[in-house]
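First, one chain by itself in structure tokens, the form predicted on its own.
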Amino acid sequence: MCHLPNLLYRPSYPSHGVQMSDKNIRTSRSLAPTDADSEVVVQGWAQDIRNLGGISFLQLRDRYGIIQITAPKKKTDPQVMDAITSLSRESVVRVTGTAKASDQAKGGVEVLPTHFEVISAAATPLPMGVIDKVNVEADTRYDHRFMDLRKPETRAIFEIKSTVLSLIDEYLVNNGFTEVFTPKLVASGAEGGATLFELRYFDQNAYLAQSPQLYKQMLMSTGLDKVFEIGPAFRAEPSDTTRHVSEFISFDGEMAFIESQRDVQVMIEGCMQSVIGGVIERCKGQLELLGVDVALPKAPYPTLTYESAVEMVNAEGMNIPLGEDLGTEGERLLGNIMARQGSEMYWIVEYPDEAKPFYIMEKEGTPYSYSFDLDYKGQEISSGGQREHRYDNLVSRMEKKGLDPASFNFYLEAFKFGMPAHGGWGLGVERLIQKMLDLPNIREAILFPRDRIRLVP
């Protein structure tokens, strides 16, 4: 048997010329006037360099903000001075120096450099500016997303998005849900073939999953009676709009033993209130950086039937026949009407059965279904409803929708041996972020957007 010596092995890594314990490393958030006269190490990107003859200033940017490096010519090592004055913007540097209290520096403290290391020099010219007050085309920004994300306001969107995902997880787990992960390579689509991305899977055809719909319903027969998933979904929609992309993050949930779709709506409503309230509480700095004032929607959310929604927008000049989708313009107009009534979030229920997938339960004796949309500021962010859990009815609905039940045997099997009444939802996370932050385009909430024309970076 081997016996390990009572020693802690520390592997050797390149020091880049700086020997400094972690306790001396500071960020723009942790550097404070209390550090005055102590030796500190700071590191980040060279945002701006000003050489004024007798003194040079470097604005060093890290994740949290700016640190001012002040280099008086008479007190600074000539090699350090040369390194600063010859530095290209957006180079990555590490600076060792003495912290000094300063009324002129942000945060009340600056660093006088004694050692200066260029970790990685940035090429010139830059593909786009980080702090320049010049409008940059969206395509340029997305082509050089790594540079665009150096902007604090761009990065703030994704810090908020991360918080949103954490808040969703907290709320669902606290309400008895189990987080699951379903396949993204599937043999058939949940919503038909028109928007499926097809690919070759060894010796057979497969598709990228549009949603986890079929799998989360199957799980309702297992005893995992409340499940949720946050994961990618894919839609081959050739849409060039500010609200459609080909790959997005979907927040899906399913609940068993429901009495009606209202049980599902109550769960989503509670989640949205918790998420938006949590963003208001936890993301004050990011919201301030974006100049956004997020309001907590009034709850309970108003509920409109599909018929009443059509009547409301038609009264404002639209001409939508009953049975037709509200469309982007109809949703926008309805959002304006509801905003005048003080409601940013609202439900639309009882959509025509003809427009809904086979797994939605129809409202017998009517042309409508047990379905809902959740709209936020004039845009649908979530859809769901009560599912058809009765095997024979489900098969009939498939046939009515022109689908071959034999293609869904793997799914239908779960309905043959005891399936409780259940319902659920799908919610587009980026659509939620877009409307919450009043972003002009859903792509602003996606690190590397995928749409009809964009596959890189």
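Values in this document were obtained by computation on a predicted structure and should not be read as measured data. We number the residues from 1 along the sequence you see.
Heads up, the form predicted together with a small molecule isn't pictured, but that's what we're talking about next.
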Contact between residue 215 and the small molecule in the predicted complex at 4.5 Å, heavy atoms? no
Exercise: residue 425 in contact with the small molecule in the predicted complex, heavy atom 4.5 Å: yes
So in the predicted complex, is the small molecule close enough to residue 381 to count as touching (4.5 Å, heavy atoms)? yes
Answer with yes or no whether residue 376 is in contact with the small molecule in the predicted complex, where contact means some heavy atom within 4.5 Å. no
Taking the small molecule in the predicted complex as the reference, which of 351, 359, 228, 116 has a non-hydrogen atom within 4.5 Å? 359
100, 89, 282, 244 - the one with a heavy atom within 4.5 Å of the small molecule in the predicted complex: 244
Location of the small molecule contact in the predicted complex, chosen stretch of 207 to 215, 118 to 126, 178 to 186, 165 to 173 [non-hydrogen atom, 4.5 Å]: 207 to 215
Are 235, 248 and 252 jointly within 4.5 Å of the small molecule in the predicted complex, each by at least one heavy atom? yes
